[in-house]
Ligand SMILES: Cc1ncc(COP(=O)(O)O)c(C=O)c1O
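First, one chain by itself: the form predicted alone, in structure tokens.
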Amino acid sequence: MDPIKHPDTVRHSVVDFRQMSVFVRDPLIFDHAEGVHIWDVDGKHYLDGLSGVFVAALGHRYPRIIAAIHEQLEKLTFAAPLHGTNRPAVAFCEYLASLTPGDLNTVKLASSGSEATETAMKVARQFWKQSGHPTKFKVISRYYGYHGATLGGMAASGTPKRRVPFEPLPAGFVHIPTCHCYRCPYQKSYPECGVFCAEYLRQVIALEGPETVSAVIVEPIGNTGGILVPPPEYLPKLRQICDEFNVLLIFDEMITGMGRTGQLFGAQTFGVIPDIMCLGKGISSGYAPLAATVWNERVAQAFWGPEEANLEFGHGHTFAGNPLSAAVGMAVTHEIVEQELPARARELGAYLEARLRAFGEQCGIFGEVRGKGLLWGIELVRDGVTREAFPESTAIGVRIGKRALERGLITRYDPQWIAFAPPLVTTKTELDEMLAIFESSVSDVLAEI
């Protein structure tokens, strides 16, 4: 056994969302990687079917990104954020602003997705205070949404398992049911429902009082809950309702941004432009901590004025705009655009969808296959006709996911669903290898239950 795996060594670490008393017995510790291939410290090989966690869009050891890191290391690795900025940060903000849709043209860099969503909600609150509407402070989000691990991001999140240990959370956050056509929380059917889940937002804003609501924050495709894809009318209706009540619309594009859904941004995939967009994960492909909050000209103007007016955005993080991270962001984004990886995500995603649907008909437990580009979720059911779920105690998704991991495939798994999001540079052959492991893992678990 590699000494790094000894329980007395590992016990000093805390791994995300894991019970360490169990983890230390047989810890998974990664050692090195190449493309979509990863090896642990014991030399076991894995295929990355999740881009790490929706992050490694370009895979590992991408030469041009490594070269950009080396080049910046020789120049500047930190710049005093209280006094100024730096060349890579300015250049990257300008480039990102040229790519974002509409007039989303003002960029605040950050180090993590949680920082970016927190920034967005703070921007919204300060914007209204400086725009003559000081009582607009509430943020509306959805149950099953996840917007980060900070207290503000967690307050906007809507998953009890993640929220409850930290309650009471900050005030001013209101939740509405998510958009989940396969298991509609309103027990309606699409399209006869008229996309009631969106119309419900209108009622909530009216009842909360439009003069108190600052923003609505949503993920264009919801991750928690099983890659929940809205119908085409849903996000346009949210945009219409926000405009009607003079409320800012925030898209949390940590997962859907940077080519993942087949366009550079989920906003383009669904044809809706928010007032504020939050980016992370794939924006650096995991080569450096990086995220960004981008807002439109209307919002930007509220922070622009004479120094004595104190209109500047009253917020910052020590490593936000770090020159090394910004250089990585520039290099990664250039590669995604120049190599036309969003188009590749559409092409490979269509193949992945077809394979999943075909195997679903064969195995009989895929209730719904849903996604866009290279972001796909599978809801697992006992009966495809009645949509009867497996009992929670069966934990079918966890069992399949763990079996696949034993065989060398990394996915996102939950008791009732599994998600695929391989790197945008994955080849068809590598995807076939991933699917072969996944299909055999499903078959083995079905034979056991």
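Quick note: we count residues from 1 along the sequence shown, nothing fancier. None of these values were measured; they are calculated from a predicted model.
Another form, the form predicted together with the named molecule, is not on view; read the next lines as being about it.
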inquiry  = I need to confirm a contact call. Of Lys136, Arg370, His180, Lys281, which residue comes within 4.5 Å of the named molecule in the predicted complex, counting heavy atoms only?
reply    = Lys281
task = Note which of Gly225, Gly148, Gly259, Gly158 lies within 4.5 Å of the named molecule in the predicted complex, where distance is taken over heavy atoms; exactly one does.
result = Gly148
ask   = With the partner left out of view, is Glu379 within 4.5 angstroms of the named molecule in the predicted complex by any non-hydrogen atom?
value = no
query = Do Cys242 and the named molecule share at least one heavy atom pair within 4.5 Å in the predicted complex?
reply = no
Interface membership of Pro274, the named molecule in the predicted complex, 4.5 Å heavy atom rule = no
query = Given that the partner is absent here, does Gly329 sit within 4.5 Å of the named molecule in the predicted complex, heavy atoms only?
reply = no
query = Where, among 182-190, 198-206, 140-148, 259-267, do residues come within 4.5 Å of the named molecule in the predicted complex by heavy atom distance?
reply = 140-148
key: Neighbours of the named molecule in the predicted complex among 218-234 [non-hydrogen atom within 4.5 angstroms]   = Glu219
